[in-house]
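The chain below stands alone and is given in structure tokens; this is the form predicted on its own.
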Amino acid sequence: MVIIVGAGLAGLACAIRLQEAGVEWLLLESDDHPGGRVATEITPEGYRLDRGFQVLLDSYPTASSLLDLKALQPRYFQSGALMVGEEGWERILNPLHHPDWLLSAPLIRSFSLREKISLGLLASLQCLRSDDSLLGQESGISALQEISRFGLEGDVLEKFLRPFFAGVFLDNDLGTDASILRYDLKKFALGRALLPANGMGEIPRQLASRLASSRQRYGARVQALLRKDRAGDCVFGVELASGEKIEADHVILATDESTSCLLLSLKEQRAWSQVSTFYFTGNDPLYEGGLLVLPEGKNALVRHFTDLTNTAPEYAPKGKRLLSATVLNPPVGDLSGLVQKEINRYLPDFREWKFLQEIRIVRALPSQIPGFHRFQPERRPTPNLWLAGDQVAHASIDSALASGLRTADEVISCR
């Protein structure tokens, strides 16, 4: 039997592949629901609050093959963004999805013709490369250095590239390895970002619904691995916090990195990004279009915000609207007033909106600076023990799913 510890996206994908292969498996999850960091809270009033602002890209290959996107009732963002600063608002759209916008592109004041050409070249080069070549190895330089190589250091950086990709990487300094920038540029250029109508939590719920319920155990926290000898060369099962011991031929840790390190008695070597999502509600639309709004400048408190109901009306009860605002590495304390004040600078009507809730994720994403692979735990520390998820891959929804499938295939091949 195979025990999978963790019912996040990697663990669920792993279980699906094992089930399809006819392998006996058991999924153990400490929480009371699947999904890990991909979750949605429904308030008594009917607001859908995702656990941090997240989107799914329909250009993700593993997600597109593993998920029934139609059943998720996808609500698509427009491919682009609204840039906002002291000089006003400007809309930038992806010409691959909005070809009519090409007629307006030369009129954008926010950056020069040279910057527009360089940005198009940077994105186009990535679209010509395979996913494996983009993510096959680290670049050894940061995303910011890659951007600088293309001469994109002026207004295009502070008005578009930094606020957009800082929100993706949860890294305002853009110190993330350039290989991830290249991959994400390709996926955003070729695909569309979407929200499931009922929240991002529908993604793990859909995956879990494909699995035998009798093999999924929630509220089951693994506190130790059972080892056959002191050297720890073989794991024969797990021990739960309740004291129950469950034996297995193979164990897969599809947990977060800190949990895996704790179970393996390893010192965690990577720093983590922290992020807060602030939710506000109002009655009237603030702007048109399903777009992210990007406040300019490196020192903006709010990295991006969006009226979610422009994209997915189901996120708020009838007659109400829901806005999310993202703050990276927030200081301790109540920041809701500062967040509202900053958005008020650009949208005076926002002062009528009311603060709903802050969702703070202390350990949102592990560091992915150049060299980060050296600091990840070993994927297979013993012959019958595997690790899966963003602890051993790059951090994204698709990579988590792909890691789960790959790990399952390796276990199947060892049987």
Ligand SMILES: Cc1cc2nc3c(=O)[nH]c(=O)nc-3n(C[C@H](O)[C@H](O)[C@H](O)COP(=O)(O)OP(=O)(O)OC[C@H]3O[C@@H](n4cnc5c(N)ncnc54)[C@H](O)[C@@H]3O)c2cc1C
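Remember, predicted model here, so these are calculated numbers, not experimental data. Residue indices: 1-based, along the sequence shown.
Form predicted in complex with the ligand: not shown, discussed below.
J.: The ligand isn't shown here, but in the model of the complex which of 365, 49, 26, 385 has a heavy atom within 4.5 Å of it?
T.: Here the answer is residue option 365.
J.: In the model of the complex, which of 54 to 62, 375 to 383, 40 to 48, 346 to 354 comes within 4.5 Å of the ligand (heavy atoms)?
T.: Looking at the other structure, the answer is 54 to 62.
J.: Are all three of 78, 80 and 288 close to the ligand in the model of the complex, meaning a heavy atom of each within 4.5 Å?
T.: Negative, none of the three is within 4.5 Å.
J.: How about residue 361 - does it come within 4.5 Å of the ligand in the model of the complex, if we only consider non-hydrogen atoms?
T.: Yes, contact at 4.5 Å.
J.: Since only the chain is shown here, I'm wondering whether residue 306 would be in contact with the ligand in the model of the complex (any heavy atom pair within 4.5 Å).
T.: Taking the distances in the model of the complex, the answer for residue 306 is no, it never comes within 4.5 Å of the ligand.
J.: How about residue 400 - does it come within 4.5 Å of the ligand in the model of the complex, if we only consider non-hydrogen atoms?
T.: Contact check for residue 400: yes, within 4.5 Å of the ligand in the model of the complex.
J.: Would residue 395 show up as a contact with the ligand in the model of the complex if we use heavy atoms at 4.5 Å?
T.: Heavy-atom contact with the ligand at 4.5 Å: present for residue 395.
J.: Who in 242 to 280 is close to the ligand in the model of the complex, meaning a heavy atom within 4.5 Å?
T.: Residues within 4.5 Å: 254, 255, 256, 259, 275.
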